[in-house]
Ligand code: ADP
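Encoded as C-alpha cells, the following chain is the form predicted alone, with no partner shown.
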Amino acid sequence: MSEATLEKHVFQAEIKQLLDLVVHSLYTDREIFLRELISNASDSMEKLRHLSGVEKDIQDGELPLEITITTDAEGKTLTIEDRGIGMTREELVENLGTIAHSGTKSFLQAMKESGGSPGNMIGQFGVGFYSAFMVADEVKVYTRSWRKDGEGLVWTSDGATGYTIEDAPEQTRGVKIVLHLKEDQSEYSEESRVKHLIETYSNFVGFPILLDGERINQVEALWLKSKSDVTEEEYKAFYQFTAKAYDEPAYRLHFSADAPIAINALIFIPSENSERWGMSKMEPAVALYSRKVLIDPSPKGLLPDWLRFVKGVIDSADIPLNISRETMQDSALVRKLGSVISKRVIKMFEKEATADPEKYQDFYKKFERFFKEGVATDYANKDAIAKLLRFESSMTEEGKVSSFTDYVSRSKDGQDKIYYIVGPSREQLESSPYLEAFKARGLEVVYFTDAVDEYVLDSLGEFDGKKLTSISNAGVELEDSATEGDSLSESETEALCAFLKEELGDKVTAVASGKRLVDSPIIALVPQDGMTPQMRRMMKAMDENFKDEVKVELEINPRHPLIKKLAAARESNPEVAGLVARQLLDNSLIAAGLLDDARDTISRMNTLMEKAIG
C-alpha cells in the first residue's frame, strides 16, 4: 500500500482524555469490552434491518445478518465482525477520532459538572467502543459503508497518540474489529474464555453470534415476544436455562410497559425454596438487560431483598447500557424500575391466590418467611404484602388458612381491632386461657406460631385501618357479656386483689378483676410496654446471657371456685393462702410462656399437696 493512501490523524485533546478515563477508571470489569463491541455490532445490523425497508440499493445486500467472532491464541488476537451499516471515511473520523458524533464532549462536560465522577453518565454518550483499549494495545477497524459507493477502509490506533486510515478494498459491508491483545490480557484470545463471556453477557442478542464457526447464542429473548407466541415448553426451558433450575416454575409473570419506564419482563417464581432446607441465603436472581444486552446477572438493590427467590429477566431500553454495578443502586431510574416490578409481582401473587387458593396455600407454606420478611422490611409495599399472608384462626378448621382480608370480612360491626395470639402450636393456643373471653363473645382470634411472627406484626401495626392487637397484652377492652355462676362481691374482690398484690410484691405490677376469664382462675398479662414471651425467647436465643425480670399484670376470675376459696382462706388459713397465691402466679406465668425456672414451683406444689393430704 502506497504512502499516499495513508492518512495520519492526531486525537483531539478530548479523545485523549476520554481514552485515559476509559482505560483506567470508567469500567470496573475489563471483560465487559466484548459485551460492548457485540452490542455495537447488533445495533449496527438493527439499523441496516430498518434501512432495508426503505432503501433498495444496499452494498452486499445478500450477506446474512450475523456476528462472527474469531480467536487466535497463538497470535494473541480477537476479531469481532458484523454485517451492519458500516462507516464511510468521514464517519470513521467523526465517530472514532473526533467529538462530533461520539458524544465525547457532552460526556466530558457532564463528568466535569459531576465533580469528576463518571459513574452516572456511563453509557449515555456512545463511548463503549473505546473499552477495546482496556485489553488491546492496537485496534484495527475494517469497514465498508452500506452505500453502494462505500469504500473499504481500515482505521488503526494504539489508543494513545492518534490513528491512521488506509484503503482496504477487500473489506465487505459492515465492521470488522481486530484486537491485538496486551500481554496480560491474552486470555481473551482463548475460545473457552470468549465463549463464556458471550453466554454470560450476550446470549440473547437478536442476531446469530458465531464463535470460530459455531453458533453460541441459541436461546431466544422470550421476554420480547408476545405471550401468545410462546409455548409452555418454551417458558419452562427458558426458566430452567436462566435460573439454572431443574424444577418447574410455580408462577410466571410476562409483561411489557412503556410508562413510567420502558420494560419488558419475564419473571418466574420457583416451586421450591432452597433456604427452607438450610441452604445459604439466595442471591438476587433477576438479571437486568438493556436491549437484550446483559447489564448485571444478579443486581443488588434492583428488587427488595425479600424478593430474592424470584428468577427471570428485566429488560429496559431506558437503562444506560454501560451503567456500572457500583452506580446502579444510586440510579433513580433503576429504583423506579425495581418499584414497578415489585408492585407487579405482588399484584400477581394476589391474583393467583384468588384464582387458586389451594395452590397458593401449598406455595405459601414453602415461601412464607419471604413474605413476612417483606412486611417487616419493605415499608413501601408492606400493606400490599400483608394481603398475601396466610394463617389459621379460631374460626378456621385445623390445616385451613385465612387472610387478613377474610378476617375483616368476618369481623363484627364496629370491631376496630384484629385480635391475635402467638404461641408454639395451634394445639397449645386452643387451650390458652387468653382465648376464653374472645370465644365467649364470638370474636375471631388469629393464631401465629412462627418465631418471627410477633416482630412482623409489630412492623405491620394495622391492616385496613384495624389495629393488630395481641390478646395476651394488658389494656385490651372487651364488652360485658353474660356470665354464669356466683361471683365474689365487689368489696371481697378488691380485698383479694390487695392481698395478692401485697403477697406477690414487685413480681406483679397490678392485680385486678377482669372480663377475660370464663373457665380459668387467673391469667398473666404482659404490660403494653413490656417484652412479650416470644420477644424474650428471641433475645435469649441471640444472647445466652440475656436476663429480663418478668413483671406482669394479673387478672382474676371472681366466679371461679378456686378464687372464691382463696378469698376465704386469706383470713382462715393465711399460710396456705400465701402458698396458693404464689402457685397461681407461677401457673399463669407457665401458661404465658414466661416462667424460666420451675424449681420453686415444684417445691411449693409438693408442700401444697402435703397439706392437702394431711
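The model shown is predicted, which means the values in this text are computed figures rather than measured ones. The term rigid core refers to the maximal set of C-alpha atoms that superpose within 1.5 Å between the two forms. We number the residues from 1 along the sequence you see.
The same protein also exists as the form predicted in complex with the named molecule; that form is not shown, yet it is the one meant from here on.
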Just to confirm the contact call: exactly one of 86 to 94, 163 to 171, 298 to 306, 179 to 187 touches the named molecule in the predicted complex at a 4.5 Å heavy atom cutoff, so which is it? 86 to 94
How about Phe129: is it within 4.5 Å of the named molecule in the predicted complex, going by heavy atoms? yes
Is Asn40 close to the named molecule in the predicted complex, meaning a heavy atom pair under 4.5 Å apart or at it? yes
is_contact(Ser44, the named molecule) in the predicted complex, heavy atom dist at most 4.5 Å: yes
Contact with the named molecule in the predicted complex for Ile267, defined as at least one heavy atom pair within 4.5 Å: yes or no? no
Contact residue in the predicted complex, chosen from Val175, Ala287, Leu496, Val446 - any heavy atom within 4.5 Å of the named molecule: Val175
Quick one: which residues from 378 to 395 get a non-hydrogen atom within 4.5 Å of the named molecule in the predicted complex? none
Under a superposition restricted to the rigid core, does Thr143 display a Cα displacement of 2 angstroms or more between this form and the one not shown? yes
Taking the rigid core as the superposition reference, indicate whether the CA of Phe238 shifts 2 angstroms or more between this form and the one not shown. no
Core fit, then Glu90 C-alpha moves 2 Å or more between this form and the one not shown: yes
Given that the CA-CA distance for Ser42 and Pro299 shifts by 3 Å or more in the predicted complex, does it become closer or farther? closer
Evidently the Cα separation of Ile67 and Ala262 changes by 3 Å or more in the predicted complex, so the atoms lie farther
